[in-house]
Structure formats: structure tokens, C-alpha cells
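For reference, the chain that follows is the form predicted alone, supplied as C-alpha cells.
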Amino acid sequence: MQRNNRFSSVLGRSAWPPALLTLSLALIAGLTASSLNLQARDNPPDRIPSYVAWTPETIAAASGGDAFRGMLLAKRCDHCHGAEGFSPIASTPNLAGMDKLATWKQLEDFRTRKRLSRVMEPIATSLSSRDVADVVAYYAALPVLPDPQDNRTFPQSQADPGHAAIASRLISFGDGERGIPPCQACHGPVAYRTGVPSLATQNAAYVLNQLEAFANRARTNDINMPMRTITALLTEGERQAIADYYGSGLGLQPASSTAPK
């Protein structure tokens, strides 16, 4: 009991003035917050590029749509994407013949805001799961052959004929010294592969816009970051050359056949 009284008396004699105590506590709180901020900066939270997981159930749901019902739903898409799936606007993607899984993933990413677009987000959000499967089935079934009834801008002429040589090399072989794999490793030797966005009949301006968006991290919905990594390694001229190559229709033939002899 006596010991506790002595301890209390010492505390009483050495107590800090209220203003100084308040200032000390504020400094401690500030230092603690700064430390937490530094830790958060050094260990940023994981960013999920897409909520799509390719399970057997997901693949079945994305592949089982009704193309006829999708045709009726897609009438609202005609203004931008064209009545036959070929857009009259060069910066808007063509959807005709696009793989079901590829289109399905993009609509899911728009719906969950993993791919940002003020135009596409409300449209994708308004669609049910069945609607999405039906719409992608419809576009996958559309032919890619020329049709005098559509108003397509594809194919476009190449702005620089020399771009074909640059693009064909990158598409066929990549650039091993810079760690760039060939485009056809994922997108296929004739610009088409199941589960991957087709580039065989895609508009040059749209392709370039997406390459630039991946390169500057404005678009981040590529699982495992292949597109963000590769596009950042390409030069601006190389991105333009690849866009021109696909937009001119050269993607419909093996890139090796368009390489300079």
C-alpha cells in the first residue's frame, strides 16, 4: 500500500501539462499513420483483373446461348456494332465471328467494372446471364465474308506500307531479346483462336486504342497481365504497325506469308 502511494506521488509530480500531452499524442498518432501508409505503399492490395474464372460450369454457361434470341437482343447493338456485326465506326470493334468465350468475358468484365466504359457498362449491367450467352452466340454465328448490305469500314488501307514487315515479324516471331513473344502464340496464326479475341477482321483504330490502353494501364482486365506486359515493351510505332496489319485484313493469312522475302 505504501509503495503504491509513493508511485502515485511520483506520477503526480512528473505529470505533463495537458497541452504538451495532447501535442505528444498527436505526434505519435501522426507517426503511426505515416508508418501504416508506407507499409501500404510497399505492400499494395492485390488487384483482381477479372472476376471470370474458367470453370467447366462457366464455359458451359457461356457456350450454351440461343443465337436466334440473341439476334433479337442485339438489335440495340446495331447502331454501334453494325447490323451484320461489322461496325461503320473504325474505333468500334467488329463482333461478327468473334469467339463466344471471348465476347462473354468482355461483357462480364464490363458488367463488373473490371473493364471500364461509360457506354458498355450500363448495357452489360442490363443483361441477364442468359441474355449475355444468347448475344454472344448470335455474334459468333455471323459470317465474316463481305456483305453488300452492311456498312463496314473493314478492311482499312495501311497508312504506311512498311508497317507490314514490322508487324509480320512481331506476329510470327516476336522479339526474344526484349522478351516479346509472337502475337500468334495467343491470337493464333490466322488471328483466331478459341477463347481469345479474334483479330482477323478487327478495325485498326480499335486495335490501336486497346494496345495503347493496355500499355498505359488504362485497361487492366487481362488475366496474368500478358497484354499489359507485352504492349509496354512495344514502341509506339510497333503498336501502330500491328494495328494497321490486322486492320488491313492481313491477319486472315499466316503472318509468315506476308513477311518480306
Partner chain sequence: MNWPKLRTFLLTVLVLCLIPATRYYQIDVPLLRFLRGSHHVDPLSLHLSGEFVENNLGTEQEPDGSVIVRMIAQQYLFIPHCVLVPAGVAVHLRITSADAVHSLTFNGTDYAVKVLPGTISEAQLQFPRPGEYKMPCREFCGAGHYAMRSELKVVPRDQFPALRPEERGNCAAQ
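Positions refer to the first chain, counted from 1. Keep in mind the model is a prediction, meaning the values are calculated, not measured.
Not on display, but discussed next: the form predicted together with the partner chain.
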Next item on the list: Would you point out which of 184-192, 128-136, 150-158, 84-92 contains residues with a non-hydrogen atom within 4.5 Å of the partner chain in the predicted complex?
Entry: 184-192
Check: Quick check: do Ser63, Gly97 and Leu101 each get a heavy atom within 4.5 Å of the partner chain in the predicted complex?
Finding: no
Checklist line | Single option in Ala67, Val52, Leu234, Ala200 placed near the partner chain in the predicted complex, where near means a heavy atom within 4.5 Å | finding: Val52
Margin query: Using a 4.5 Å heavy atom cut-off, which residue among Ile166, Ala124, Ile180, Val144 comes into contact with the partner chain in the predicted complex?
Written below: Ile180
Check: Within a 4.5 Å heavy atom cut-off, is Ile230 in contact with the partner chain in the predicted complex?
Finding: yes
Next item on the list: Report whether the minimum heavy atom distance between Ala218 and the partner chain in the predicted complex is within 4.5 Å.
Entry: no
Check: So the Cα-Cα distance between Ala141 and Pro189 shifts by 3 Å or more in the predicted complex; is it shorter or longer than what we see here?
Finding: closer
Margin query: What direction does the Tyr245-Tyr192 Cα distance move in the predicted complex compared with the shown chain, closer or farther, given a change of 3 Å or more?
Written below: farther
